[in-house]
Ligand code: ADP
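Here you get one chain, nothing else, as structure tokens; it is the form predicted on its own.
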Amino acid sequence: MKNIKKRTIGGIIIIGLIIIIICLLPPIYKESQPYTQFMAAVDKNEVASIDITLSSNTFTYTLKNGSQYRTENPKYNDFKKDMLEKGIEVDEKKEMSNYMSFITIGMMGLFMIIMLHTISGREKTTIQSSSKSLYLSSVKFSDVAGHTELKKDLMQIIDFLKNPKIYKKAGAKLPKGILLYGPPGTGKTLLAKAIAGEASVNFRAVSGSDFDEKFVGVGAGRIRELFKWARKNSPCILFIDEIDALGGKRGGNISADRQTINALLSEMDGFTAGNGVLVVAATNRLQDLDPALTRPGRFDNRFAVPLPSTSKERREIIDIYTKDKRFDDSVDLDAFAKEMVGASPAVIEAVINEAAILSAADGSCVITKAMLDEAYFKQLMEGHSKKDAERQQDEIKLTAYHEAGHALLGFLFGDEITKISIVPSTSGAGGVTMFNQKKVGLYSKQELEQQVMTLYAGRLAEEVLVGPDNVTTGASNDIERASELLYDMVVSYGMGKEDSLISYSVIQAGKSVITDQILAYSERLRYDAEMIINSNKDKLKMIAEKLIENETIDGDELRKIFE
């Protein structure tokens, strides 16, 4: 409460000082006019009064209609006499007194002192309050699913923290920093807590955005205070989440951000390796980090924290998040693990938690397959299903053909389709086709081309039903994803014109060179997809009619249609 009162009083004083300074400053008028225009107004008898300070280079005059302007001071001896003879009122002022000048300068100086004191106090308050984040982590590696190889590597660093004498005897030094990077939701923060928990050392977590300040020097001051704390509380782990917000690539202009990065680099260079302080940082955007931050001597070890790549890993994650939940016999968690290909641990947790909420609302507190599907639908569609939504029959039919197009090509290309639905979502999506991806990571050129054609198939199926001139905006997301794939294939994967093994981003090729190749590639894949759909119109129609009838069909029903 004392700090709040001090800040309130300080704010009132600052506002008061600003008002006083504004009052003491000479008035500023909106418009300036040339002296010739002033004299023209004098000749026309339009000027009512003049306010002039002898030493000033300008003076102000007021017209009889009330308008005020500023113009050049001619500074000749008889100026006042001439104006008075023309019937103009002249208010002549001498210089601002030394006393008044002293007051103005003093007030401004006092204002700056209070402002700097406020900023300094704010910095100290933030640093002191953030010290509450110090604690002994209770998280262990057993609480982190998957990442088997990564945990083995990290165990060596943990052993160093627990038994430093053995490693010092061998002449080994503890790394100054560890950088964990990977997609959002893969468990980087949880791994940092587990390192501290396994080593039984102090743990303090901050975010890169905590150091983002508009006042120059504040962020750098917080960095110095943070590392001062770390040295006093060793052995400890200092965790900086979202370090890209703090350690992004520096530009040419000196800014508060640049000073903050320089302070971080300076503090890490000043660290003595093996002093029991380990800096662990996490980022989703490794490419955006300043190169000076990732060189040896700063973050010596970099570890990728990827999405779970196998159903076994995903099953381990599911087991952790389902320990305290009940499921009925309709739920097959192994099948669920297969369906969640490409999902992060955070997404898996969110789906399971949403299913648990649905079971609680149902009153049974037992999760069914339908609840799990609905929870997954919500995550996939980024909204709730609108089962009672009123839609025109034409819209339903068009959506059914769109999703049938995706399902048709996906099935013919050997993809495992778990569900097709035309139930609309509150996010605006009209339907969805759920694929059980076989893998995440390396794809062949043929597989990438098939993905693009499957994305195009929704729009092409609409054309079969209503013609090319009556298609809808429903394919916008499909076209965006297909364009991203084609761009990567041409620019990064060497799959463009004549499969030239060139990275166009490295050689900084012109946009027209890249665009021409992407357009040609797109036209060819569109043509191939169109040929497949036209050859299987009967199956496309059967899938669409089944969707119109039931709104949702699963993979088994789709296989029966093809059989």
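One rule holds for the numbers: they count along the sequence shown, beginning at 1. This is a predicted model, so every value here is computed, not measured.
The same protein also exists as the form predicted in complex with the ligand; that form is not shown, yet it is the one meant from here on.
- This chain is displayed alone, yet in the model of the complex one of A145, A220, V277, A482 has a heavy atom within 4.5 Å of the ligand; that residue is A145.
- Here is the short version: of K419, R204, K188, K378, the single residue with a heavy atom within 4.5 Å of the ligand in the model of the complex is K188.
- Heavy atoms within 4.5 Å of the ligand in the model of the complex belong, among the stretches 177-185, 162-170, 362-370, 323-331, to residues of 177-185.
- Not displayed here, the ligand is kept clear of D300 by more than 4.5 Å at the level of heavy atoms in the model of the complex.
- Proximity of G405 to the ligand in the model of the complex falls outside the 4.5 Å heavy atom cutoff.
- In the model of the complex, the ligand sits within 4.5 Å of a heavy atom belonging to E349.
- Using a 4.5 angstroms threshold between heavy atoms, P345 counts as touching the ligand in the model of the complex.
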